[in-house]
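Next up is one chain by itself, shown in structure tokens, the form predicted on its own.
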């Protein structure tokens, strides 16, 4: 009996997913444990393994939403009928016909040509009679490379074009491609009248329109970000306050410590925020119905920009970790985000988010809260500016901070007090080493 490969559940909130890439062709032999498909939820991607050895059978189209637990493929024995394929679209059903089933055609059917499913699919796409292709596989079986070679040889073969001398000269004068002209003379010969008709037709052609826009599918991570941001703005009373911090000492601290371990300003901010949340618990809270829940753990999400969107892995218990431990954790999580290896637990459970755009040379901005959290801190670049201290003009390193908070949970004064705590800690960061 064929083994079902189902859409996996990649998180408690996941209800469906899509296949974004097949790693094995329909009809391929696969072994147990081999990666056969890449599926995507609204947070992460995941490579699905074959649960048993056998022949791969597709049961889903690419980017077709499939509920958790529903079949996306089957692993079948050679010649075995696959359940459910008759209900799929014809293009999928056609792909699922195995060579062993083709050999069982009635005697009056066309002679069987041994070929792989991939070779047949490529030949069909290019309108090629597969019997004209010479196979180089085992026992003369036609493989995909044989069809590709046949296509290349056909495209390279010169095509004789019959054209009169006057027609050729006229076409050259007007810069026309004679391969695009249909001849009306004997044997399809292109005559002067054919060229003149094309010249007149080009005069009537409207101006060339701009090419169609490049389409990016609105699925997966991009769709999840859109939904969460719209939910955030629709359900929260968001207010943003900003300030500047003199981080001259923070810059000096990082220079001293980065020789011991790879420390970033984001790591320092994460530790600073975790400590500040313990003093200002309303910023480490969430609204549940008519109750504000003050959370015990300071789990700091750190936004990581990817080509396809933004993901926020979580540094758990950041208030209990030292700077070196936080630095190692943020590096590991950022690498996992870029390699699509993060687990669901590593991208959920955050209580506060830090997003740093300093590397893009931005100063201040308005970050949007990551539901169901109560606040988010935006970090801008560090710039050197003149400042007056004790009557003297000195050069200071200034960092811009932007705090967006949910006014339903916390008022402006407590939120500003929290941001002041963050500011003062960054201005005297050595207390973070205690």
Partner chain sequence: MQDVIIIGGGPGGIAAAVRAAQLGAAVTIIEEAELGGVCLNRGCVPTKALLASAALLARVRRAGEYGITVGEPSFSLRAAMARKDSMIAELRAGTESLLASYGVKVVRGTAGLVGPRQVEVGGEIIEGRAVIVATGSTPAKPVVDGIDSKGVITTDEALALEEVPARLLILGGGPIGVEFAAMFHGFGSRVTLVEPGPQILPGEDHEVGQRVRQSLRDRGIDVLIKTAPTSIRQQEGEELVVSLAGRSGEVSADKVLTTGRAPCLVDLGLTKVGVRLAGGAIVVDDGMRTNVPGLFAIGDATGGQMLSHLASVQGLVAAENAMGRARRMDYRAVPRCLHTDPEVGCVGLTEAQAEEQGYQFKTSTIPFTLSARATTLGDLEGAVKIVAEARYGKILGVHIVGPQATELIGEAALAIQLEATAEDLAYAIRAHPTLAESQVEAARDILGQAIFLPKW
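Please read these numbers as outputs of a predicted model, since none were measured by experiment. If you superpose the two forms and keep the largest set of C-alpha atoms that fall within 1.5 Å, you have the rigid core. Numbering follows the first chain given and starts at 1.
What comes next is about the form predicted in complex with the partner chain, which is not displayed.
Proximity of residue 275 to the partner chain in the predicted complex: non-hydrogen atoms within 4.5 Å are absent; the residue sits far from the partner. Shown alone here, residue 202 lies farther than 4.5 Å from the partner chain in the predicted complex, counting heavy atoms only. In the predicted complex, residue 216 stays away from the partner chain, with no heavy atom inside 4.5 Å. Residue contact with the partner chain in the predicted complex: residue 320 places no heavy atom within 4.5 Å of it. Heavy atoms within 4.5 Å of the partner chain in the predicted complex are found in one stretch of 292-300, 250-258, 360-368, 173-181, which is 173-181. Proximity to the partner chain in the predicted complex, taken as a non-hydrogen atom within 4.5 angstroms, holds for one residue of 224, 191, 287, 148, which is 191. 164 is the sole member of 164, 235, 240, 340 with a non-hydrogen atom within 4.5 Å of the partner chain in the predicted complex. Core-superposed comparison between the shown form and the other one: CA of residue 229 displaced by less than 2 Å. Once both forms are fitted on their core, a CA shift of 2 Å or more is seen for residue 194 between the shown form and the other one. Core-superposed comparison between the shown form and the other one: the Cα of residue 282 travels less than 2 Å.
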